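A lone chain, given as structure tokens: the form predicted on its own.
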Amino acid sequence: MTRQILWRLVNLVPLLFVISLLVFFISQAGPADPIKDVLSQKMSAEQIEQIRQAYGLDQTAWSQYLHWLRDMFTNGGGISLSVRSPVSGIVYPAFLNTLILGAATTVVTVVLGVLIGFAAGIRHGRPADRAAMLFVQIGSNLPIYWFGLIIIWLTAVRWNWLPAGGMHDLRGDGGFGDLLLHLIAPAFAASLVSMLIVARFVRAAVIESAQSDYIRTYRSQGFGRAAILGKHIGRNILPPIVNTTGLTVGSVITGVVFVETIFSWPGLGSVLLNAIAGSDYPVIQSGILLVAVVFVVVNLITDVLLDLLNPRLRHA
């Protein structure tokens, strides 16, 4: 087991290297010139060329990549072309806010997805199951952007239950309770698609487990419904829950980026949108690389948890 985990960690190195190559060269493939976009109306052509040399943009693509890679480890990602400040001071605080929203979204995804899927699975073929699957079918096709606007209209405008946006109330103390209040609506909006994906997989796992031979044997031996559902079916659906949650990280991250714009959440999505509009390559590259690293690390954790839940691999 330990050997397998170490082997996966070793495999992360070439994977992250390839990801860094893709992030850098795809962002460089755009037609925009970041220096001209920012400074073309303020400086002469000679001054712009001097700035290009200062940022190393007159070098070859490989030289720029190596310079950027070095800055990622030693210089906080380099200097932003539009703000003229270290990229780390722009990206990292926003990335932390995105992680907070992403963690809350994941909690909502798992809790509601498992509850909906489990309730539908144990009532397979009944009206409650059909209603749950109808909700899953409709919700899976709702645009996150539109769904977020509906939540704002209902919870903030019509009912006045939750704040319409932001991370803290400027008139409040900025404590944990205030943060939690601002998290509820965006976390629920961002979790819509991933929550319904989890619900669908959990329902299928519950139905498969409930119809298995050993569950029939337990029922014939007089085991109670609560014991069968909690101890046996519940334990057997843990691997699908972990696996599906890990696979939906991409949907969670995508949902968070859209939701940050709708709810004015000061996260990485807003930073990336502003950087893309201003052709700020260092910020774009650092932000996308951070998202990719989170995706890879979460999938690694998912694989390790699945191995731990598998008794055949646990002691290997």
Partner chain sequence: MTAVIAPPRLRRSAVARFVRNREALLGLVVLVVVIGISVLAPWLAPHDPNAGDPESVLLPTGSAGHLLGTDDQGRDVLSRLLYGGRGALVVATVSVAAALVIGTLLGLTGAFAGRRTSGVLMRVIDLLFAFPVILVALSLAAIVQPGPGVLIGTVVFGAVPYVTRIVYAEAKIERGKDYVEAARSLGASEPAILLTEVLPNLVSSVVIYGTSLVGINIVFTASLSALGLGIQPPNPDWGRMLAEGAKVLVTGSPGVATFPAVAILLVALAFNWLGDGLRDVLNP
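Positions refer to the first chain, counted from 1. What you see is a predicted model; the values in this text were computed from it and never measured.
Unshown form predicted in complex with the partner chain; subsequent notes refer to it.
Asker: Tell me, out of 273, 54, 61, 45, which residue has a non-hydrogen atom within 4.5 angstroms of the partner chain in the predicted bound form.
Answerer: Going through each option in turn, the one that passes is 273.
Asker: Can you pick the one in 160, 74, 211, 137 that has a heavy atom within 4.5 Å of the partner chain in the predicted bound form?
Answerer: Only one option qualifies, and that one is 137.
Asker: Given the stretches 222-230, 87-95, 106-114, 138-146, which is the single one in contact with the partner chain in the predicted bound form, using a heavy atom cutoff of 4.5 Å?
Answerer: Going by heavy atoms within 4.5 Å, the stretch is 138-146.
Asker: Verify the flagged residues 29, 292 and 299 against the partner chain in the predicted bound form: is each one within 4.5 Å by a non-hydrogen atom?
Answerer: Yes, because 29, 292 and 299 each have a heavy atom that approaches the partner chain to within 4.5 Å in the predicted bound form.
Asker: So in the predicted bound form, does residue 303 come within 4.5 Å of the partner chain, heavy atom to heavy atom?
Answerer: Residue 303: contacts the partner chain in the predicted bound form.
Asker: Does the partner chain come within 4.5 Å of any heavy atom of residue 264 in the predicted bound form?
Answerer: No, no contact at 4.5 Å.
Asker: Could you tell me if residue 65 has a non-hydrogen atom within 4.5 Å of the partner chain in the predicted bound form?
Answerer: Residue 65: no contact with the partner chain in the predicted bound form.
Asker: Looking in the predicted bound form, any heavy atom of residue 288 within 4.5 Å of the partner chain?
Answerer: Yes - in the predicted bound form, heavy atoms of residue 288 and the partner chain come within 4.5 Å of each other.
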